[in-house]
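Below, in structure tokens: the form predicted on its own, a single chain.
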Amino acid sequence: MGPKALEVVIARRELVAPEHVELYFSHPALKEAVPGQFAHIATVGTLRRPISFSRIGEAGEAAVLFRVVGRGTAWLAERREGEVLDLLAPLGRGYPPPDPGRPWCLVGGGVGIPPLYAALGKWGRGMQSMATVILGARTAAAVLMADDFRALGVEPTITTDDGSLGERGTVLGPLRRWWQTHPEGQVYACGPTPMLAAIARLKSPGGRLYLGMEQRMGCGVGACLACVVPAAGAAMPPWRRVCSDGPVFAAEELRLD
């Protein structure tokens, strides 16, 4: 089933961190959504905004969590319970279900954290002992969803650039240690491209790595080519469209250097 034009009613709005808002809604078509996919949300006077799902329920309950960075997201952050949103959803390619037999590490930075929470919420039952969560942010105030991960039974490892919470530094330190002890493990990562490129350089040869890309988009359906990233390998097209070929890619599909 492909993406659909949906109208959804906001059921709940939460300010989860400074300048970070989460909107809850539901629609039967969202039962098909996969963690890592996104909704392309209409805003006033600007292009639609692509925002990954932070929560996906079995009956079509869903949520999106975003940071206010411009006119479109500022307008969206002002929406309240009972208002209607215009979505194209679900869009893109999400994460594959994890292999239950492999240790699993979810690594997120900033607004790359919410789709990883959606993945643990959908697939994490019974895998708590196999799952590791590493969350990165600039400061303690910007760490997202740590309590949500705890509610699913996984205590996150937290890093902050300024050392105000958890380990001082980036997610690379804890992830490097994790790869050393779990060389055959599977990693789901999401965050800024420089972070993902650094994570890809750490990958264990025997492990699996899936990268959720953050990219500016136009159409959201693969037509405008505004969101392309370089592909790896001569057999691949020279560019991959983040909106439709991704936003989740196996690390070996991309050239991020």
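Since the model is a prediction, treat every value here as computed from it, not as a measurement. Sequential numbering from 1, following the sequence displayed.
A second form of this protein, the form predicted in complex with a small molecule, is not displayed here; the remarks below concern that form.
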item: Stretch from 97 to 105, 67 to 75, 126 to 134, 82 to 90 whose residues place a heavy atom within 4.5 Å of the small molecule in the predicted complex; value: 67 to 75
item: Listed residue that, although the small molecule is not shown, lies within 4.5 Å of it in the predicted complex (heavy atoms), from I51, M195, L209, V229; value: I51
item: Contact of A200 with the small molecule in the predicted complex (heavy atom, 4.5 Å); value: no
item: V143, heavy atom within 4.5 angstroms of the small molecule in the predicted complex; value: no
item: Close approach of M217 to the small molecule in the predicted complex, 4.5 Å, heavy atom; value: yes
item: L47 within 4.5 Å of the small molecule in the predicted complex, heavy atoms; value: yes
item: Contact at F38, V111 and P247 by the small molecule in the predicted complex, all three, heavy atom at most 4.5 Å; value: yes
